[in-house]
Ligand SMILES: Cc1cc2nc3c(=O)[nH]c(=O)nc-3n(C[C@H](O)[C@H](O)[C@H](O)COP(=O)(O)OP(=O)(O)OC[C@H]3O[C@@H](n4cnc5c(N)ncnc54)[C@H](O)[C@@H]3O)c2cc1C
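Consider the single chain below, provided in structure tokens and representing the form predicted alone.
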């Protein structure tokens, strides 16, 4: 039997401008990479996790407002394997540092269904359960089975199942309270028969109808999602952004009826959460556009002209300017609709405490 020896991570000072897709300037005084889970227990014994390091994936859902005062730990664990297989399904275990879209692409190439609607969602596998990522009528929780995580409080590993994860709309156990868990790998159940594909989302239906596809397969849905997302979202390597910047707010039916009386074209969708009965979800992009901020720019920041939910950085500005811009956008929506927008991204700065792996 081969025993893997844990190599102690190398700590260094690191510019973070290229480690988060908004591209603001920030520097970590202590930065280290985790390539294997065997590195975690020695770090815990040395007391490094008492310092509450920032856990970083690809930085596509993270914005460094200022230089972080704590160490930054980049999760770089890799590997994809089939851990169980039946005639109708496979269980896939992917390491936390794997790129999520590359996992989706691999699954579609193997003809495994269930996550094709989640193509081109930025970020890592380890960040996916934190947000309970979702798109086009599908959420990670639909295919999730369990994950392996390391307790930064107790120095032990634990397998955490679906119920214990407490998945909700863009929410989970890992987004609330004191940060404890460092996610090492995620296991999902994918199908071989593809009887329950989700193609009823309006933009998907429109795209498929134009191509004359009446009975789409997982490859058709994958291509449709990729094409739609590319047409709406800017490439962060060209125009820095974090994708959808704000959550779609969930409001009461009473508030919705009040807003609907003033704005008859206001769209609404099921909240998609058993804890949100009597509530509906409103597209944040629609609210921002109605408030007059789609395509509008102030200084180095703006809301993207093709998608009002995407906040973009044109360059040359810092965290203070970003915070001021956010306040103007959310203030305009609050004044018009009485609805408070909340960031979907994790803002990290002097007074902002991250609670998740991002």
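This structure is a prediction, so every number in the text was calculated from the model and none was measured. Positions refer to the first chain, counted from 1.
The following text describes the form predicted in complex with the ligand, which does not appear among the structures shown.
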- Where does the ligand sit in the model of the complex: which of 123-131, 108-116, 188-196, 205-213, heavy atoms within 4.5 Å? 123-131
- Item | Heavy atom of residue 233 within 4.5 Å of the ligand in the model of the complex | yes
- Does at least one non-hydrogen atom of residue 243 fall within 4.5 angstroms of the ligand in the model of the complex? yes
- Query: Would residue 58 show up as a contact with the ligand in the model of the complex if we use heavy atoms at 4.5 Å?
  - Reply: yes
- Taking heavy atoms only, is residue 135 within 4.5 angstroms of the ligand in the model of the complex? yes
- Query: From the list 282, 183, 221, 104, which entry has a heavy atom within 4.5 Å of the ligand in the model of the complex?
  - Reply: 183
- Message: Under a 4.5 angstroms heavy atom criterion, identify the one residue in 247, 255, 229, 91 near the ligand in the model of the complex.
- Response: 229
- Message: For a quick check, can you give me the residues of 306-323 that have a heavy atom within 4.5 Å of the ligand in the model of the complex?
- Response: none
